[in-house]
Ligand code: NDP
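The chain below stands alone and is given as structure tokens, in the form predicted alone.
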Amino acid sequence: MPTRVAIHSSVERIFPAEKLRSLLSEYDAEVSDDVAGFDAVVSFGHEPEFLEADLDWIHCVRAGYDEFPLDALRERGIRLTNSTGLHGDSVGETALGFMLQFARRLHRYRSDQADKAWDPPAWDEAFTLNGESVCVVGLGTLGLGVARRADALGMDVTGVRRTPTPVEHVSEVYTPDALVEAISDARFVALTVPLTDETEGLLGAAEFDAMREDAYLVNVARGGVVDQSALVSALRSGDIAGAGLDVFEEEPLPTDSPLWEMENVVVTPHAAAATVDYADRIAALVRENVRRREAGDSLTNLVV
């Protein structure tokens, strides 16, 4: 029988649900939060009713799936797929944008513009990325998107991954047990790892203490990868020079967070993956997995 696909309204956080439905018009796809009677649902995140709806498959429109109850899904025979592999370009460009802002001081000029302040930088304040170093922590799709672009601008790119095999555009690869060594001499540290038990709190006080005082943190991974209190302390004490942050421990970032007021911090609203063709990419992935499901083949990007 044809696969019935529900498109949950939560995808509206990224793109119009109706847009995705129109892209899947050849299938029995509907925008519906009542997923009972459907074979599959496309959603931004987990909803408790998914477990009781007799679904065969859930597709998460994000790469991250840390809030999904994997054991409960496995027990019920519900397959989960994610959208890993789609965000290398958008996240890579966002990370590079953070680095360019800090190097060329664009973040400060944008703030000055609101005050109509003409305030050129000190002679030793601005720098170029060419010849600078970046350590990319996590060399999957997102990390490679960062590494490729940093290498193209003449940066010395090192990285951290579980297996120290050579990676294109990366001059040296460290394993996680050598994280402190890997980040200690980098001008930029870019985080691109998923949030897991192993990566939660990956960067804390000890790691910030090991970083250069003129180093910048770029986090386009997950907020929980960083001990946010330790980050605030490091920024306040001058242990690091600044941070470009797309993700946070609590989202939206609370209005009383000190990060909002720091001139050397750029805050973006978990939007690194945003791009006008996001729905098209999700539709292509869903189409492929509908084809695989109906053919009895294993789904692509299968998590459980």
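Residues carry their position along the shown sequence, with the first being 1. All values reported here derive from a predicted model rather than from experimental measurement.
Another form, the form predicted together with this ligand, is not on view; read the next lines as being about it.
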{"query": "Partner proximity in the predicted complex: Arg162 to this ligand, non-hydrogen atom cutoff 4.5 Å", "finding": "yes"}
{"query": "4.5 angstroms heavy atom contact with this ligand in the predicted complex for Gly140", "finding": "yes"}
{"query": "Contact test in the predicted complex: Val41 vs this ligand, heavy atoms, 4.5 Å", "finding": "no"}
{"query": "Exercise: Gly224 in contact with this ligand in the predicted complex, heavy atom 4.5 Å", "finding": "no"}
{"query": "Partner-proximal stretch of 119-127, 68-76, 82-90, 210-218 relative to this ligand in the predicted complex, 4.5 angstroms, heavy atom", "finding": "82-90"}
{"query": "One residue of Ile58, Ala272, Ala243, Val35 in contact with this ligand, assessed in the predicted complex (non-hydrogen atom, 4.5 angstroms)", "finding": "Ala272"}
{"query": "Heavy atom within 4.5 Å of this ligand in the predicted complex - residue from Gly154, Gly204, Gly97, Pro176", "finding": "Pro176"}
